[in-house]
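Only one chain comes next, encoded as structure tokens, the form predicted on its own.
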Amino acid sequence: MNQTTNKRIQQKQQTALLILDAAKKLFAEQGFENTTTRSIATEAGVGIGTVFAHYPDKITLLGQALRGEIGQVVENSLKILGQHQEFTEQLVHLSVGLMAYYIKNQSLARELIKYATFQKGPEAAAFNEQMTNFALVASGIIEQAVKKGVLDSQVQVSTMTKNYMAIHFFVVGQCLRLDAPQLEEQTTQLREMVQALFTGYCLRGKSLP
């Protein structure tokens, strides 16, 4: 690959990021529905054809903007996961990072999850894949608790993971639905539900706090 080709690739990547940043800015200021592709092009300082050359529609822009940030939130949560000794607190910690992000970006998160839940397409598939990977992390936490003897060996990890994810999405749904959700209150509710889920499965001497 020659120097000219490398330069073109870099310019293309820079333009794509420029458009993405412009979209994120306008989505936050004007809302998803009120932001037009033309206004994104104007904000980015490019032609509308250039926007479509990189992103076929607004939902792709929204998906790529938020999924990148969601991925970073999860990554940051994983970096300090080991600070929590109790496996239930690790699960709570895993959810809280996303809950905080969704509360901060409530209107845009609503649009993304609505689309991913009720529509089909590449962005919906990509978001659902991201959540599947999130569930795998939770599954690993529960599996380790079984291996360490904290949880009964008869615990079905896959079933418990699904139950945890149901709790996660229930509380996330409240964070998106309420007019003024409070992270502390939602975290307390999540913690109570997660602890209740595992009550009776912890071995003697290793009961939940």
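Note that the coordinates shown come from a computational prediction; the quantities given were computed from them, not determined experimentally. One rule holds for the numbers: they count along the sequence shown, beginning at 1.
Beyond the structure shown, there is the form predicted together with another copy of the chain, which is absent from this document and is the topic of what follows.
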Partner-proximal stretch of 137 to 145, 40 to 48, 59 to 67, 174 to 182 relative to another copy of the chain in the model of the complex, 4.5 angstroms, heavy atom | 174 to 182
Distance check, residue 74 to another copy of the chain in the model of the complex, heavy atom within 4.5 Å | no
4.5 Å heavy atom contact, residue 195 to another copy of the chain in the model of the complex | yes
Taking heavy atoms and a 4.5 Å cut-off, does residue 114 contact another copy of the chain in the model of the complex?
-> yes
Quick one: does residue 52 come within 4.5 Å of another copy of the chain in the model of the complex, counting heavy atoms only?
-> no
Since the partner is left out here, which residues of 129 to 166 would have a heavy atom within 4.5 Å of another copy of the chain in the model of the complex?
-> 159, 160, 162, 163, 165, 166
